[in-house]
Ligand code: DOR
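Read the single chain below, which is given as structure tokens and is the form predicted on its own.
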Amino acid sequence: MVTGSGRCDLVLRDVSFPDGRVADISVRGGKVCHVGAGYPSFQEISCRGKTVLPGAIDMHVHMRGRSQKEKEDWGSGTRSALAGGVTVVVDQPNTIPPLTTPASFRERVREARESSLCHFAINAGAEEGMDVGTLWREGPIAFGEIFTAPSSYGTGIRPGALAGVLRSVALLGGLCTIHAESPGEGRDVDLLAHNAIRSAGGEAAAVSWVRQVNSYPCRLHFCHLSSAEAVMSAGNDTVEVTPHHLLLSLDDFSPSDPHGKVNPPLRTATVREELWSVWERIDVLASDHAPHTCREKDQAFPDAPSGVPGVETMIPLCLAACRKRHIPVTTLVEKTCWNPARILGIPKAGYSTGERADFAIYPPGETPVRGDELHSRAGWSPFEGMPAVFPDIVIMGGDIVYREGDFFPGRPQWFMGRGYIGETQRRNGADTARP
């Protein structure tokens, strides 16, 4: 409904919906207020011939900062997100220091509130002996990624400790996200060895093992699975896959090139193609944006850190891939917007009245990825030269926050978990509060 001045804030004209309809989307107060013939408005954007997608939720990013700000910080990382059509990021807790105490979690929220350009949520870490209930009341959206084996800035958790954490989080009604790997022995000297040591079979076995340990049970979400075998091992738990596991393989890098080093590893072209075969089973696409500088990646393979940047290229690459493979764009929206919102309990962005007015408007053509033109401090991309469809305009809460290379102030929001009790309650000593 239009009230007050009789005008809405913004109208997107001639939006082509995934189901083939064409209509205008009217926006007021940060939400969709009407779909159909556009209301009178203060601002209009023509979307004729363009693809309009709801703003994406990237539920797996590492925004670095603190002692790692040379790699990335909240400002650079969220500029990168917006320029790629992502309006919500979910930060992971294997920071320095890790987010396993109320004090470290509160400091992370403070950093994000001060510097994030887009909406955000933050996960809490999990370790043996941790007071899960107290940390839950600080507002994490989930616990994890919880590592079943050591990875960059993350330590593996013991089986007994994992069972205890899963039970504690289950009692709170929370969600645990899992980094499932079971590395074998060997010298990690190149991409072939990295793939063999952290094998797809070991990943699938780790998924099955976590599900066996989860006897209470807790809601589980498996992060960045890299093979069809691992995806199908997850049963009815939700699973996440990254663009780099869908689009890149060992063949795309020389064996000694650390720019292709990531955990779980890049697989063979055959395993990569098999991952596309379970597209319908994949619940979520997330970038696992893990930026490292060129200087770090240029070290000898055993010394170089694992991880690649990807928040800015996730939707542009996948939209181009969907067009090429004739995959309905609706499924891309489901995996990058609607399913993450449902899993995390974040209000949905979309085309219907009352939904968050977060949108990205994409042109019909493609452009190649150029790492030095992206906004991450990493300054490089493993997808260099690959075809992508970057948005011309990004809207968050009804405000234009990005337009053809320029950024504009928005109203970023912290999406806290439902255990959050708030500052007033905390000052009043409500340390036994429950959601």
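None of these values were measured; they are calculated from a predicted model. Residue numbers here begin at 1 and follow the sequence given.
Keep in mind the form predicted in complex with this ligand is missing from the figure; the text below concerns it.
Stretch-level contact check against this ligand in the predicted bound form with heavy atoms at 4.5 Å: of 76 to 84, 131 to 139, 183 to 191, 302 to 310, the positive one is 302 to 310. Taken together, the three residues Glu145, Ser151 and Ala290 all lie with some non-hydrogen atom within 4.5 angstroms of this ligand in the predicted bound form. Looking at Leu220, you'd find every heavy atom of it more than 4.5 angstroms from this ligand in the predicted bound form.
When this ligand is considered in the predicted bound form, Asn94 lines it closely, a heavy atom lying within 4.5 Å.
This ligand is not drawn, but in the predicted bound form it has a heavy atom within 4.5 Å of His179. This ligand in the predicted bound form comes within 4.5 Å of a heavy atom belonging to His224. With the partner omitted from this view, the residue of Ala320, Val262, Ala112, Ala206 that lies near this ligand in the predicted bound form is Val262 [heavy atom within 4.5 Å]. Residues His62, Arg64 are the members of 58 to 79 with a non-hydrogen atom no more than 4.5 angstroms from this ligand in the predicted bound form.
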